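The chain that follows stands alone, in the form predicted alone, written as structure tokens.
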């Protein structure tokens, strides 16, 4: 069999899972689009995964069911996978390949873009500095999201990461600026009821017109999960760098994405690395995460909040481990908080936003923000130590000051961390709640706040003897 671009050829060397193998080809490139015509005349899309002098491995996006080695026809297109993007895609719902699934026609016009995107010159990047308000105190107050940042959410099976993702989508906003802010939402491998939850939630809250959804459900071919975040980010890049908009990209669940990557690597016969994932998992994730940021000469920006579920709540698992190396912090959900009815169950100590210091303070939020966050972290850390001690000697044996910290911990979790799913807290309210919590402690225990700030914000408790 001899294959040349522009012609249609019959026959394959073999089929293995979602992959087909062709021989005798010439001039075919990596990541090139392929049309596969089944014996029944169905046209499916695929991309070239691997190529050498006269053979190619092609992944079939809609699966290989019904294909045969003798009667399947293939046609190489000579170009990479692309999608037509425009701002008309806002308010619409698409599958992982950018095809409408909301019973409306495809958006008119638009520029076709390679879904792999263009690499950003590091010299052209602008350092992220501007605050994004999510309305969630545990994030805004202690793990602030900054425009252009990559801040993932580490979750676990059964934890409410989907509810948190929907809440952030409804509430996220820029303060004090008259700019266009929009959301691109990508879901990979989610169940149909979860997909419908997102669509219904955004419709009922009235934010759907400002959101573009890309949904690849669990019933869709697993290969589609590898393209969904890239398709969504291609639209985000157009909105940010061509239209001058500020875009927040939420991607869930990146663990499903990595599972598909492992599946393809196994089918290709690659030598596995940690826990069976391919050795290039780090660079593959980086090719997605590094598409966030700001660029000199462009008014827009891309901020990412990828969500991933940690198998067995293991933060050292390859997916969260490598994600943490690439991104600028993490929001960690804690099962113990969730089981005690605290929503959102954002862990106070493992969570971190490495760029927080550059997006808060005077001119961004409030001049006391950094000090309040630092003192809350320190006090809550001591609470964990005291709880460990109480588990050994009993709470009644604690010193008076340790009992005060125990009370602070309970109040902090149930009043500061805990809030309603539809409760949108401005940053001023979050900081005032922070001062309410700190005022539960004796003034002499607040070592990370200046005397001037304490004089202005600290509230003396009536009847306190400490």
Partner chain sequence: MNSSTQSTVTRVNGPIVDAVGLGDAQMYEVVEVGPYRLIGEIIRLQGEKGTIQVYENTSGLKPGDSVHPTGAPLSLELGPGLIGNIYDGIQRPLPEIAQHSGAYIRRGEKVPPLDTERNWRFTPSAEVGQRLNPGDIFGTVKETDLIDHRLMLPPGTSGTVVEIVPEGEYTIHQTICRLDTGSSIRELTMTQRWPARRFRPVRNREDVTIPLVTGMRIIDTFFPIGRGGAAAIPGGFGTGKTMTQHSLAKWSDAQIVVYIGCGERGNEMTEVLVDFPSLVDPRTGKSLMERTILIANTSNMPVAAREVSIYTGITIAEYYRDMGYDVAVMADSTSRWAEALRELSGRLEEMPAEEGFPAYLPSKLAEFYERAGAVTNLNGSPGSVSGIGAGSPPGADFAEPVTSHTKRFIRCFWALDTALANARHYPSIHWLTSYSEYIEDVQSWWEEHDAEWATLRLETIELLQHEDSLQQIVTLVGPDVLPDSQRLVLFVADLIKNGFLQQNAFDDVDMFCSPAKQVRLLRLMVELHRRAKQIIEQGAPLVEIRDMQCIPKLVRAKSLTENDDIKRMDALLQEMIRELDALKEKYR
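Numbering follows the first chain given and starts at 1. By rigid core we mean the largest C-alpha set that fits within 1.5 Å across both forms. What you see is a predicted model, and the numbers here were worked out from it, not measured in a lab.
This protein has a second form, the form predicted together with the partner chain, left out of what is shown; the following refers to that one.
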Discussion item. Only one of these stretches, 250-258, 281-289, 209-217, 159-167, has heavy atoms within 4.5 Å of the partner chain in the predicted complex; which one is it?
Written reply: 281-289
Worksheet entry | Candidate spot 172, 407 and 458, all three touching the partner chain in the predicted complex (heavy atom, 4.5 Å) | no
Discussion item. Only one of 72, 143, 133, 182 gets a heavy atom within 4.5 Å of the partner chain in the predicted complex. Which one?
Written reply: 143
Worksheet item: 92, 366, 87, 125: which sits within 4.5 Å of the partner chain in the predicted complex by any heavy atom?
Response: 125
Practice prompt. Report whether the minimum heavy atom distance between residue 202 and the partner chain in the predicted complex is within 4.5 Å.
Written response: no
Practice prompt. Give a yes or no for residue 49: in the predicted complex, does one of its heavy atoms lie within 4.5 Å of a heavy atom belonging to the partner chain?
Written response: yes
Worksheet entry | Contact test in the predicted complex: residue 448 vs the partner chain, heavy atoms, 4.5 Å | yes
Discussion item. My question is simply whether residue 320 lines the interface with the partner chain in the predicted complex - judged by any non-hydrogen atom within 4.5 Å.
Written reply: yes
Item to complete: Select from 373-393 the residues with a non-hydrogen atom within 4.5 Å of the partner chain in the predicted complex and write them out in sequence order.
Response: 377, 378, 381, 389, 392, 393
Item to complete: Inspect the rigid-core superposition and answer whether the C-alpha of residue 401 shifts by 2 angstroms or more between this form and the one not shown.
Response: yes
Worksheet item: Taking the rigid core as the reference frame, is the Cα of residue 446 displaced by 2 Å or more between this form and the one not shown?
Response: yes
